[in-house]
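Below you'll find only one chain, the form predicted on its own, shown as structure tokens.
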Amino acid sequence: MINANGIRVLEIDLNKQKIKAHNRKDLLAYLGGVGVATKLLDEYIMPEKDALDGDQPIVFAIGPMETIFPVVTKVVAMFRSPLTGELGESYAGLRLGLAMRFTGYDAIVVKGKATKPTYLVITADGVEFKNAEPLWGLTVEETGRILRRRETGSGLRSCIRIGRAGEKLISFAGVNVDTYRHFGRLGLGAVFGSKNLKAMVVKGEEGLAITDKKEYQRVYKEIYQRVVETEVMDKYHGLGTAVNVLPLNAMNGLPTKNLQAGSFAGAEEISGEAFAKHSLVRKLACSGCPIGCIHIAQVRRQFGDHYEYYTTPISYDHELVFALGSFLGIDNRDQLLELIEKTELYGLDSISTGVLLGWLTEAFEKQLVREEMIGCRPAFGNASVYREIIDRLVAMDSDFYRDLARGTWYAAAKYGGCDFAMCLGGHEMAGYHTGHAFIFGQAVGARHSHLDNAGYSIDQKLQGWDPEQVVDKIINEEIERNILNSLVICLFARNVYDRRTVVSALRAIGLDWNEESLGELGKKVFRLKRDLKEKLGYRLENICFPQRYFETKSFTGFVEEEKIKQLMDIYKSRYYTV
């Protein structure tokens, strides 16, 4: 039976180059994924130390259904965020979950700091600590290419790594996963860099026995049919999440030019439809997913006379199109892809980078920062100057750029312009301007992400103004997502995996949960995150909302400051009663 001996945790000490394996039966009560990872982070974290102190832990976790049911493909990473100073929580797919599954480990804790640049090779037989000095300074792409040649393996191998942004401890550096996916948000790449950890190669080579094959196959088939034979997930394979660009634009919900507007005149040119027609060359799927939502475009460049060209494949989705497209006034697909490529090679979070560039452009226009500080003149729509700024950001060749490397909110607090620094809870906004529920939801969500509670979706379904209902929906959605994330089910499949289906799947592999106990788990994880955040200094009353959110008309009309205050007051009265 899966997890018969408890949750298997691999503990890696980079400083001592030692490992320990633990079988933790007490962690079974947290099921897996974000439940287990939050509990482990709470055990290992040092609240008195900075996020980039080498002693801080990183926790990776999967759940019991990983890979063996459709679309259960993610891995959660938890850490102290160098961007917000509080809870860091990020998810990624492709092959990492599969590789972890077949090493036999449910969770990996990385602690300590290596004495020199290091990469890890993790298998079921142990961990090798390898010299990464020759890789230090290389791009994400170069690092991945070299590691795939050096660390041979089957399709059960996953390679995650950082670029120069992580090495330079930029607060919004991400970790690349198998080239086309990322632990993108909240600065996990900088935490890797603070540990001299360049990369991890995970090779899964073990098998997994299913005891009741007949019941497993019955439940698997039922879920598979809902995934591929209904319309629930159809849009993710078709145009991918970039399908959202035109509808959001039409409803005034597409953040444009640092949210000076909610619609973009160039939206058609950077829409999912336009990418599919002119640039799309390939679709990929995470291991264990039959959908294939990862959309790959190509940039074509001439390198010689006589029509000599090479092409570069680049993945895109709605969030990248918003952050480096409409938010910066970029309406040319190739220029947008080149900006995505630039952030990818350095290993930057594209969303945070785009929002930072939006603030910088407006701060320059308002003469809060000067050309001699930036080294150029940022302007909406000018992709070449944005590429130059990204190069200088990663080079960190001045105090000004070292300040920018700490994120939008830090820069605005120092140089001015907090009213148009589009952050919520210190985290750069996601690609929606739908109304009160989105702004409120990202602000109060555990990791200040639109994915915590889907406020953008609540805005689109509300009938009239009912603040009690909004707060209830935000809290209940976060609890439900804690359940799904404890199984690390891709949230695209949230309408497939209702509680009844989750219970059937767990029972088919010998785990006895019911709908009520899952609900209690969701609440327990909510409370555990809340208490952990407060240990790290988070206080609800410190949340503030930049004025720009109230000045630009959204999908539901103008967002009113008084209504946000209403929501906050109700939320504060319920926050400790979950």
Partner chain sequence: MAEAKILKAPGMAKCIGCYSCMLACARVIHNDYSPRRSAIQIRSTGGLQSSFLAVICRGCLKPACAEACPAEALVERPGGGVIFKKDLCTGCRKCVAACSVEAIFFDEDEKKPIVCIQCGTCTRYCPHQVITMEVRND
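The structure displayed is predicted, hence computed values, not measured ones. Residue numbers count along the first chain shown, from 1.
Only in words, not in the display: the form predicted in complex with the partner chain, which the text now covers.
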{"property": "Contact residue in the model of the complex, chosen from 278, 500, 221, 366 - any heavy atom within 4.5 Å of the partner chain", "result": "221"}
{"property": "Listed residue that, although the partner chain is not shown, lies within 4.5 Å of it in the model of the complex (heavy atoms), from 167, 362, 452, 178", "result": "178"}
{"property": "Options 210-218, 299-307, 242-250, 265-273; stretch whose heavy atom lies within 4.5 Å of the partner chain in the model of the complex", "result": "210-218"}
{"property": "4.5 angstroms heavy atom contact with the partner chain in the model of the complex for residue 288", "result": "yes"}
{"property": "Interface membership of residue 156, the partner chain in the model of the complex, 4.5 Å heavy atom rule", "result": "yes"}
{"property": "The partner chain contact at residue 226 in the model of the complex, heavy atom, 4.5 Å", "result": "no"}
{"property": "In the model of the complex, residue 68 touching the partner chain (heavy atom, 4.5 Å)", "result": "yes"}
{"property": "Neighbours of the partner chain in the model of the complex among 76-114 [non-hydrogen atom within 4.5 angstroms]", "result": "94, 95, 98, 102"}
